[in-house]
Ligand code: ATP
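Quick heads-up: it's one chain on its own, the form predicted alone, in structure tokens.
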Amino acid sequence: MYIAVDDTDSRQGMCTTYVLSEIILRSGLDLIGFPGLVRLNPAIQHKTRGNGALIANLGKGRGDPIRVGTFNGMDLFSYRKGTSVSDGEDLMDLAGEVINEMAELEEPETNPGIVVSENKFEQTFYWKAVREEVSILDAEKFIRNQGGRFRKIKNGRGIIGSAAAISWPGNLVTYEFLSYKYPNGTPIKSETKMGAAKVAERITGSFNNIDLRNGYPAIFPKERTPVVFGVRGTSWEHLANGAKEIIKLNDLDIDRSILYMTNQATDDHIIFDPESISSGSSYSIEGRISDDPYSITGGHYFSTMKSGLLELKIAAFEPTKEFRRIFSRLKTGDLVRVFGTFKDGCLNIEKLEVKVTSEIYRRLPPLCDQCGASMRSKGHNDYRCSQCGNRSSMPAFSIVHRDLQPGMYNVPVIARRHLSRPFGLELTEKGELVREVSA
């Protein structure tokens, strides 16, 4: 039986991943396949702190289990195959109890939703939720049509993410190992955080661990949450082993850990080469720079580009830090592919591919065609040789060296979104464990 939950946290505390782990623990059921952490459209108006919904398939496991976490010192196992042993109503009740106990319900923007289903939903809803804005009413209709059931707490906006999580096809996947200490994590010194993030950086296939230039240990949360740290990677085996090393080397105080399959760093939110664009979605568009970049107060940089009939304002805002230097070196005529979210009439850049740089020429006085001396400018297109008096109206030109080369440019780790796939990160199709899971 699939159960999905969303919208239980706030800026003040909690984390929906922890809520799901508590549901798994209290259910007494086996975990079938990896639990899922599914990030949704990062550009929507109403979104949770990390904008991620959670899903687990719970039932009676079959086959050889693998270790995917720990609960209070006891190993948590997952099974490749399994069968349902619940009609879903008891799981719904259990999830409601956990949410009422743990969720940030006093916060006005926290509106949890629970969805249960015997089977996965059609993937169309996932693609809509990760790329567009979806209404609560649309989610209700979809869940009913798919034969699922839902429960709304407060206005229940969380059923949107929950339905999307059960719709997630997992065409491309990454993983995240999360460790917890309830209720607000563990105090850790800044030097310990940086050291632990450097250890995470050595894990094969891991990514977005640390930003040395900006002194940012990305594996540790910024806000109050039960999460102690989270490490992301493309290999769940390497991730699980590496995370254990981080805990051991830094003597971190945790009470549980769990390994999630995710859609992070997959670019699932990106719509490629659209005919038209609208606010609140993310795009990848190829075109030519039509104006040299300029900056405004606050350190934000802007330019424009043309792609067919589409003319688009693009920007590198201050949070992208040193990436702005790359953006500022663009010139009119450069052929680029941009990735970013369109909002308030502007595409906010997440990463940039410079495909071809335009040639820039500088006018120079020509050499005299009679004596070879360098001529001098006496006005517009008027050049005279000081040696022999020869005159010319044609300047010479030289190519200006560009301090920008064709290539792929990521924003720094401190500015990366959950869903944005860094250039150079190799992903594979869904993991073996997921392919073999049955409801």
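Computed from a prediction, not measured in an experiment: that's the story for all the values here. One-based numbering along the sequence shown.
Omitted from view is the form predicted in complex with adenosine-5'-triphosphate, to which the following refers.
#### Entry: 4.5 angstroms heavy atom contact with adenosine-5'-triphosphate in the predicted complex for R402
R402: no, not in contact with adenosine-5'-triphosphate in the predicted complex.
### Contact flag, I160 vs adenosine-5'-triphosphate in the predicted complex, heavy atom cut 4.5 Å
So I160 counts as contacting adenosine-5'-triphosphate.
### Query
Heavy atom to heavy atom, is K378 within 4.5 Å of adenosine-5'-triphosphate in the predicted complex?
No, no contact at 4.5 Å.
### Query
Do V134 and adenosine-5'-triphosphate come within 4.5 Å of each other in the predicted complex, heavy atoms counted?
Heavy-atom contact with adenosine-5'-triphosphate at 4.5 Å: present for V134.
### Task
Establish, in the predicted complex, whether S303, D334 and R337 all lie within 4.5 Å of adenosine-5'-triphosphate, using non-hydrogen atoms for the distance.
Not a single listed residue reaches adenosine-5'-triphosphate in the predicted complex, so no.
### Message
Within 4.5 Å, heavy atoms only, one stretch in 238-246, 151-159, 78-86, 288-296 touches adenosine-5'-triphosphate in the predicted complex. Which?
### Response
The contacting stretch is 151-159.
#### Entry: Any residue of 15-52 that, in the predicted complex, places a heavy atom within 4.5 Å of adenosine-5'-triphosphate
T16, R39, L40, N41, I44, H46, K47, T48, R49, G50, N51, G52, in sequence order.
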